[in-house]
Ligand code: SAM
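The form predicted alone is given below as one chain in structure tokens.
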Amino acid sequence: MQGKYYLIISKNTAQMLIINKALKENEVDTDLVPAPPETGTVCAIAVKIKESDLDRSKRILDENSIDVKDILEEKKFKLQGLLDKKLGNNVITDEFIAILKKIEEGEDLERNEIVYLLSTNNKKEIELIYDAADRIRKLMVGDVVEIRGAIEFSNYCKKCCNYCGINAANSSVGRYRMTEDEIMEVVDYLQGLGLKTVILQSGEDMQWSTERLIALVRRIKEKTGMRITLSVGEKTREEYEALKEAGANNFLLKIESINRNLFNEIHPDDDYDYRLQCSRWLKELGYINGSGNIIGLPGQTNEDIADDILYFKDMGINMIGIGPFIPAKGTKYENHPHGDVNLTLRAVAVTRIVCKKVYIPSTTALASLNKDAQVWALQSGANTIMLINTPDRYKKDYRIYDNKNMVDLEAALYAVEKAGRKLPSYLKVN
């Protein structure tokens, strides 16, 4: 979509889907994108239309008696004062100055410019990249670090992904599968902490069928009213829709790499096109749509990472998880070196610059390589921390990679304080 656009802001997700459906049925070209910061919630979704369709869209909504919260012209996000005019070309390059000017003016960056930001070794340029990312983070999502609670409820998986320690072929892993009651015990604990979102994460476990997941989602929603994020892999559109109707709000399905050849190499029994289709379904169904990539995969280039970032932007992804590759025992890549922390932080920063109003977690994988890496990520554009709340008797076996840092509330408090950020008001801490 190019040219001037307008954003239709709805009162809630259900209304947003009604608006989008009504317009599409009348052959209006729409897209679902993160809403601008002035609309409130970080992950609110807006319906994007062309200026040429504005009057017709208003008429369609009026004829169907569909009320809207607001209709706003999509404006460029300008960020003034990035460039210190006293710096000369002996310190930073003309190419970097041109990129900074585009960031200041809210212009979209081209692929080669994103690659430049990921690749530069110039210390002053790197400093300015992190400064830009942190300023955009502050203006777009504020200083509060959102805290989420994750329950890794099963490490059974039917897939054989080459990088993942719980893949079906790895016989070195002790398998477990939590019961619904065990999960609810942890949910009650998370609610007691004041958390508003629980993340249910597992391998693609055939015994945790969609029907069982629907029952669990309904039970959590009815008892606690918490928002529910699912990270349970690929399903059919009908299954995603049923889970959404049951009460699931968010879904995390990482692409790991948008490079088709690299994706196929690390996912020997996955279908690249189906993975993309799943993400499109999640978007169409009104999920807060999560994706992400892994930095340091075998054969990965900075061009690949740039393409991942452009995919997140073009797809309108709302939650973007970026973590370093960490090898796992019993996998094809167990002897491959871990991903570079600095490049991962740079990818976080550039993703914030390009995608702007999104959730970006300071990932557990970063914390697993260096305790302070979560702090650095919060200072580089990240705004979320996920607590690991899997029961102690199970958590050591959710070994998607080795030497995993079981980020707890104490670790989150440390990172938030050291980064100079704020805790959410809902969090109940002594």
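The numbering used is simple: start at 1 and walk along the sequence shown. Quick caveat, the model's predicted, so the values are computed rather than measured.
What comes next is about the form predicted in complex with this ligand, which is not displayed.
S.K.: On the criterion of a non-hydrogen atom at 4.5 angstroms or closer, are G203, S231 and I326 all touching this ligand in the model of the complex?
M.R.: Checking in the model of the complex: G203, S231 and I326 are all within 4.5 Å of this ligand.
S.K.: Considering this ligand in the model of the complex, which of L128, I199, I294, V358 comes within 4.5 Å of it through any heavy atom?
M.R.: Filtering the options by heavy-atom distance leaves I294.
S.K.: Looking at I136, C164, L345, V173 here, can you tell me which has any non-hydrogen atom within 4.5 angstroms of this ligand in the model of the complex?
M.R.: Among I136, C164, L345, V173, a heavy atom within 4.5 Å of this ligand in the model of the complex occurs only for C164.
S.K.: State yes or no: in the model of the complex, is some non-hydrogen atom of E146 no more than 4.5 angstroms from a non-hydrogen atom of this ligand?
M.R.: No.
S.K.: Even though the partner isn't displayed, in the model of the complex is Y401 close enough to this ligand, meaning a heavy atom within 4.5 Å?
M.R.: The answer is yes: Y401 has a heavy atom within 4.5 Å of this ligand.
S.K.: Is there any non-hydrogen atom of K254 lying within 4.5 Å of this ligand in the model of the complex?
M.R.: K254: contacts this ligand in the model of the complex.
S.K.: Look up in the model of the complex whether K313 has a non-hydrogen atom within 4.5 angstroms of this ligand, and give yes or no.
M.R.: Close contact is absent here: in the model of the complex, K313 is far from this ligand, nothing within 4.5 Å, heavy atoms only.
S.K.: Which of 393-401, 29-37, 373-381, 55-63 has heavy atoms within 4.5 Å of this ligand in the model of the complex?
M.R.: Heavy atoms within 4.5 Å of this ligand in the model of the complex occur in 393-401.
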